[in-house]
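Given as structure tokens, the chain that follows is alone and in the form predicted alone.
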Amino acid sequence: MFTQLFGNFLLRKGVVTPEQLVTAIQDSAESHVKLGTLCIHSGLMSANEVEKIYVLQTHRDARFGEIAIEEGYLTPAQLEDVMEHQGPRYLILAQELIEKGILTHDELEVLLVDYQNETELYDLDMLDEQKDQLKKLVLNFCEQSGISRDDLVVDYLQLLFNNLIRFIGDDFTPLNLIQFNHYNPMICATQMITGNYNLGTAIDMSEEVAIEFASRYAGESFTQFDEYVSASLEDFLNLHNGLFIVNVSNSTDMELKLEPPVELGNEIYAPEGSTYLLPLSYTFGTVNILVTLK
């Protein structure tokens, strides 16, 4: 979860391009966080001190932690603690961007402080079940993108990110929300949530992206676009929205119901209300989520 929002933070800062970010996310699956990056994140060492250790390693056959202790930058207890916790998962993405020469350690040091101040995250051991912290992250994402502070919208997006990671994969980053009046769909499934609160929802993508999306969701290997792929998109939307209204029912006295999902076809999508497009840049293509506030 936090990797995806950190990626969006980097996009908003203009320090990476969407293409660079997607490649880094894809490659980070095989990466690990180096000790130097962990020390910068934890505030135990500065970027200049980390760079000095890397230079010393080119002349000495010793590990980073050993030299850091010898140079007085770390105590044995600090080294043990930072190695045990390993930091949040988004540091893997940061490390990959450093490895690719897109970021320097100095730039990362500043960005981590900005990101932590913006999201109020200081815990090295971030876990998805820390719902209050996660809600702050999604709320901040909405505010930066200009969307309403509506708590239910925040809850909807929070659950959406979790379900995408759970059922499709975590190799994506959300781009900025875009408000629009008319949308030209490709392969689009829509569904209305009605009752005490009305919310229009839709998911849209190209045929090629839909094939991979459906393959991941269904756990099968689809090779061409057909009714099974189309049904998988509708089923994901219906599943996610169903979980959302159950959560709302359990936490409030609102009564919500789902209308059946509908394939939009080639019709122009222009629902009444404030409609936002959320592009999700996956490694296999872009998945567009559309949310209409009524």
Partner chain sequence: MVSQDLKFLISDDSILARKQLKDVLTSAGYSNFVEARDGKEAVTLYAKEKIDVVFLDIVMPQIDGIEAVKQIKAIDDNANIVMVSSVGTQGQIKAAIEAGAKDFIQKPFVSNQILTVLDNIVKGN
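Residue numbers count along the first chain shown, from 1. This structure is a prediction, so every number in the text was calculated from the model and none was measured.
Below: the form predicted together with its partner chain, not depicted.
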Among the candidate stretches 95 to 103, 152 to 160, 179 to 187, 210 to 218, which one is within 4.5 Å of its partner chain in the predicted complex when only heavy atoms are counted?
210 to 218
With a 4.5 Å heavy atom cut-off, would you call Phe167 a contact of its partner chain in the predicted complex?
yes
Exercise: Gly242 in contact with its partner chain in the predicted complex, heavy atom 4.5 Å:
yes
Contact label in the predicted complex: Ser232 to its partner chain, heavy atom within 4.5 Å:
yes
Partner contact for Tyr54 in the predicted complex: its partner chain, 4.5 angstroms, heavy atom:
no
Among Leu258, Ile69, Leu264, Leu44, which has at least one heavy atom within 4.5 Å of its partner chain in the predicted complex?
Leu258
Only one of Asp253, Glu227, Asp61, Glu30 gets a heavy atom within 4.5 Å of its partner chain in the predicted complex. Which one?
Glu227
